[in-house]
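Quick heads-up: it's one chain on its own, the form predicted alone, in structure tokens.
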């Protein structure tokens, strides 16, 4: 009898223990972050800091208790710059791994490959890169800088300082073409002239003909929108040909850290408007750099992509904790209040309710003959205002479209 009674107690204890374990597990599952970043291939040098920034943010957040008490699980896949892989991996993360949020994509082409897949779900998607702007899509939150923060500052400054004749060298996909469209629009208002445009396929590394074309056109300055390790070969070839023209860009230095990757003076006289570059010297920026380099001591440069990737996860944390939910609809209610903000290494940044793009403190920087970086002008915080001005208002409708100066919302 006694042994039977003890067996019953042991069995009951096991059942209660199993039930307690199951309840604890069910109440506190990990929060899954799906990450798609290129860490091999032509864009790997830009993508590796994005992976590192994400890893650092997740490590810090988990050490401080996670998000709503849940530990964050980072699931990273490497699409190697292939848009078909981006789509395949996105489906895997969304359907099989059931991630709570999807983050990533380097090129605008990869983003546009992902958006239709994400839009068929109720999963939030963070795009963390500087880009050509214009996406009005309720599933997407953009944390990088956009044309009204970059081109609307850079191009007028370049025209005033160097002249009105511009030659454009751009990557041959949507980023390059739409960025060139923005350049034409802004130049027209300044009385400027595009004296040449070339759209170069990704992977091209020979620029002798392009350099000859530039010499023949005699521009005052170059707008450089070339992308990837191969296309960056332009700078050494141009220096060897003694082209010596001023250059402006929305992506150079802070994204591709060409001033670190190439020997001086290949990037001499390059200018860019950036929300982040590693040379920022403020207490907040220096504390961020110290934490990063403690974890990744061999990182050549903390680029804008890595910086944005890090802060995107903190932005997601803020939204989830304010919403007390991981559901997209609840996160968007927080964004709609106009108080979706975090303190970042550049300063306080906030998500605009209408466009779901992010405010940034913008600085215009230049590169000297020894590749030293100088801040030429501090524009302060610039809101992502353009989409709201032309009629994108995600608090009222969700067109899931990408607008450009030549493709505006239809008037109702």
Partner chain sequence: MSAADLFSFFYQFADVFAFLILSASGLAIVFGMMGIINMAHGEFIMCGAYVTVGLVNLGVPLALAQILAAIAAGLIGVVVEYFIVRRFYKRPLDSLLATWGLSLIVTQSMLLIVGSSIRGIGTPEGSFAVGDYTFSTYRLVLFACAVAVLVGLYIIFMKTRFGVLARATMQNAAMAKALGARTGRIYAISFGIGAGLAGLCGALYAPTMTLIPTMGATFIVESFVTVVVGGANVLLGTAPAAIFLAMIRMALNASYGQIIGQIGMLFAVIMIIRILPEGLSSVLVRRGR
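Positions refer to the first chain, counted from 1. Predicted, not measured: the structure shown is a model, and the values here were computed from it.
FYI, the form predicted in complex with the partner chain isn't displayed, but the following is about it.
Put simply, residue 229 is close to the partner chain in the predicted complex: some heavy atom of it is within 4.5 Å. Remark: residue 200 counts among the residues lining the partner chain in the predicted complex, judged by a heavy atom distance of 4.5 Å or less. A residue is said to contact a partner when one of its heavy atoms sits within 4.5 Å of a partner heavy atom; residue 301 fails this definition for the partner chain in the predicted complex, lying far away. Taking non-hydrogen atoms only, residue 98 never approaches the partner chain to within 4.5 angstroms in the predicted complex. Per the 4.5 Å heavy atom criterion, the partner chain in the predicted complex is contacted by stretch 259-267, the sole one of 118-126, 259-267, 279-287, 188-196. With the partner removed from view, the residue among 207, 182, 86, 292 that has a non-hydrogen atom within 4.5 Å of the partner chain in the predicted complex turns out to be 207. A heavy atom within 4.5 Å of the partner chain in the predicted complex is found for one listed residue only; from 327, 218, 324, 91, this is 218.
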